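One chain is shown next in structure tokens, namely the form predicted on its own.
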């Protein structure tokens, strides 16, 4: 008899995400145990329950998913969970607080389908947020010259420095996007533009967007009107606009995000020692294109 697949969903919010729960079931989890208000202070006993109830060979059939709307809290929880393991007594773990890792992976996998990331230049709008940081790091890791845009140049420069840690020979820089002139300067020479802003906030208007002569690919991860990139619709999935630029909206990228999310859940049960962060999830996303 096959050992049933058990997934523990540790959510930093009071109520565990129903979205993440449904995706887990659709990915083939046999039993889903959902816990809300999980913190580094109360998670150890939950991890022990996952570790000590099965023998070594069966541990690959137990895994942990960390979610919630607070990405920083999720990262802190992941650190505590992994520090609770010892030796081979461990289970696989996936971090996807607020969907940040799967969303970033889907955006960059999408970009790589249309542009060679090596020797390409990209602007990541709202690049200091959780998704923007992950998008920028994934792009930089694959040889892209990355500009992180923020209305605060100091925040942009700080984010670029933090993201670049551990990336040898990366080219990640912070730029100001405060006003049309700054936006035009930030877009100069860029082939890729990815908007990672808050829902319902327009980051750049059509007239300003159209001044960027080198842009080939526009990706807007905002699904709530108005668009983050004016003129890009949430349902766009490879549509070419009047200037022959390829456009993707949040829903257009979302179908790939869902596939990546399910693939990542499935991969948790391939072994008992996987740690699925943004880069590991991106690598899984690449396999979906093979």
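Residue numbers count along the first chain shown, from 1. If you're wondering where the values come from, they're calculated on a predicted model, not measured in any experiment.
Below, we refer to the form predicted together with another copy of the chain, which is not included among the displayed structures.
Engineer: Taking another copy of the chain as it sits in the predicted complex, is residue 23 in contact with it (heavy atom to heavy atom, 4.5 Å or less)?
Structural biologist: Although another copy of the chain is absent here, residue 23 would touch it in the predicted complex, with heavy atoms inside 4.5 Å.
Engineer: Would you check, heavy atoms only and a 4.5 Å threshold, whether residue 34 touches another copy of the chain in the predicted complex?
Structural biologist: Within the cut-off, so yes.
Engineer: Residue-level contact is defined here as any heavy atom of the residue lying within 4.5 Å of another copy of the chain in the predicted complex; does residue 40 satisfy this criterion?
Structural biologist: The answer is no: residue 40 has no heavy atom within 4.5 Å of another copy of the chain.
Engineer: I'd like to check something about residue 284: if you look in the predicted complex, is any of its heavy atoms closer than or equal to 4.5 Å to a heavy atom of another copy of the chain?
Structural biologist: Answer no; every heavy atom of residue 284 is more than 4.5 Å from another copy of the chain in the predicted complex.
Engineer: Would you mind picking the one in 230, 70, 30, 241 that has a heavy atom within 4.5 Å of another copy of the chain in the predicted complex?
Structural biologist: Of the candidates 230, 70, 30, 241, 30 is the one lying within 4.5 Å of another copy of the chain in the predicted complex.
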